[in-house]
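Take a look at this single chain, the form predicted alone, given in structure tokens.
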Amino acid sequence: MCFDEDALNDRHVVISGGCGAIGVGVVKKLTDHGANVTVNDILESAVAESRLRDAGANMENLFYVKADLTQASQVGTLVKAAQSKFGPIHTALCHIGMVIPKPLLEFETDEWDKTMAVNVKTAFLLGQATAKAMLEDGIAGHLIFTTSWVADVPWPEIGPYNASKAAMKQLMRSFARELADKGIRANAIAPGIVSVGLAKHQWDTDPSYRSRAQKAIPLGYMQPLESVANAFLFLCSPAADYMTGSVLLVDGGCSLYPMD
């Protein structure tokens, strides 16, 4: 990626879900380019820090805070801890997400509620809290939401996840619309079928999933984690300073047409 190593110097980024399969790659990329990153997840500190260290993140530029962001009080704790460690927040990555793969007709209401709480409620609470902090600190900040191509082209057997990502897209656009005149921007990144975590496991172990996924990716191969991290680097950098209300699709073409 053609960005200077100091492209994010003096920028403080907060990321939710930063210890997940994609999150660790994003954190590594941001710390590699000089950002101070406050990482949030629900893992114990020792486990989280080990995972981030194993991913190659620059631990000197990193601060971990365990918090359940479905709880507004814990979101507040995260924001205050981040400010205390690295000062004003410049960028908030509303990244945490979960998926329960099963047909819609088999979904339980508590599974629906959990999906919406983790994917949408946390994005709202973190976006709201960090935007307020940016205004109080006089920062022209940036909210970035991790959505997905399935917000527009639904993937079978993850219906609530599809719906949650569509909700996140409109949540992002609402933040962008309401905060533009206050100097705060909001955008989203929509990855494709990334070759880590659950998607990679299903690709390797479930022939029916692999057959469907191969049809759905026009470029013909699973998305490298590096390409997702590069997209975050771009949006977090000054190169994206005139963007707001946009979705950056980095999906290998998955969103070009519905799957057969």
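Bear in mind the structure is a predicted one, so any value in this text is a computation, not a measurement. Residue positions are given as counts along the sequence shown, with the first one as 1.
Separately, the form predicted in complex with a small molecule exists; it is not shown, and the next lines address it.
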Which of 126 to 134, 85 to 93, 158 to 166, 177 to 185 lines the interface with the small molecule in the model of the complex (heavy atom within 4.5 Å): 158 to 166
Partner contact for A240 in the model of the complex: the small molecule, 4.5 angstroms, heavy atom: no
Interface membership of H33, the small molecule in the model of the complex, 4.5 Å heavy atom rule: no
T70 within 4.5 Å of the small molecule in the model of the complex, heavy atoms: yes
is_contact(G97, the small molecule) in the model of the complex, heavy atom dist at most 4.5 Å: yes
The single option of L235, L62, I193, A229 touching the small molecule in the model of the complex, heavy atom within 4.5 Å: I193
